[in-house]
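Only one chain is shown below, in structure tokens, and it's the form predicted on its own.
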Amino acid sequence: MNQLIVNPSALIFALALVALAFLISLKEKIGLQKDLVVGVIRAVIQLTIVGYVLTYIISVNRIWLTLLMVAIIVFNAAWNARGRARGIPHAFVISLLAITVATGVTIGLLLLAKAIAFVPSQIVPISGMIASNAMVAIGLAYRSLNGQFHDKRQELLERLALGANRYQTAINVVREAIRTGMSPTIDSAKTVGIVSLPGMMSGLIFAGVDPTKAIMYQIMVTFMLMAATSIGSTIACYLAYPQFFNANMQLRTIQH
């Protein structure tokens, strides 16, 4: 089987595609030029550092180093999710708790079922997959909460005026935000193998692993991500929605 070889020339061609995206953003006045440049620079630096760090952690194989790496992943995921909160108080703490629980519960169940072993080569990549998907789901849920509390403000005020409590007032908003957070993962699960070819399963098959085992592993990962986004979105939304009310049971002024 031919081996994939990535050389500097291949990276230059890949960078040219990013330059194309940059020019499209510039021409169409989308305003993503700065984000594209920052994304490229950060990707190069972060992947280089993490690549060498992971190599070291895997070779040393110490529990505390593995847990430290997972903690760093969860912390950064929570920090990035916080950036989507647009002024929601305590968004970082809420995100950190939601992602920690989602990652911890999912990893714990996989360990309990002996689907994975507590070794850095398995724990760290899977933790990254879980935390990143939970981060995206929570970020989408925050946006939905902000948008709905702004757009449905009059309706929510009327419910409060009729004597509804915070939960009764906001429950439909919360449910819609959870649904929004989970939708990308569910859509991905619906189309996996038809529209998108899972990199993990393909990689295992190419590496010579029994296709049956590779398929089962990919199914496990798909179910794992669905569970993680569900847990993370639910926790984040139920902890975030009270922040839209003040101590007098009034809606805060939302900056939109």
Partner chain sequence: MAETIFDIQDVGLTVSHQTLLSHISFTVAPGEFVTITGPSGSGKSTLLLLLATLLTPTEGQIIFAGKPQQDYEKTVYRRLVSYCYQQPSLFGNTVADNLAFPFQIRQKKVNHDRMVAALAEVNLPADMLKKHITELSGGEKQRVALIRNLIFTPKVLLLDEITTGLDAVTKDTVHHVMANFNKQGITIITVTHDESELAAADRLINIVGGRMEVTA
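Residue numbers count along the first chain shown, from 1. Fair warning: this is a prediction, and the values are worked out from it, not measured in the lab.
Same protein, other form: the form predicted in complex with the partner chain, not shown, and the subject of what follows.
In the predicted complex, at least one heavy atom of Gly163 sits within 4.5 Å of a heavy atom of the partner chain.
In the predicted complex, the partner chain sits within 4.5 Å of a heavy atom belonging to Arg159.
Interface residue remark: Ser121 is not counted as part of the site for the partner chain in the predicted complex, having no heavy atom within 4.5 Å. None of the heavy atoms of Asn7 is located within 4.5 Å of the partner chain in the predicted complex. Among the residues Ser132, Ser183, Asn80, Gln168, the one placing a heavy atom within 4.5 Å of the partner chain in the predicted complex is Gln168. Only one of 151 to 159, 175 to 183, 92 to 100, 132 to 140 places residue heavy atoms within 4.5 angstroms of the partner chain in the predicted complex, namely 151 to 159.
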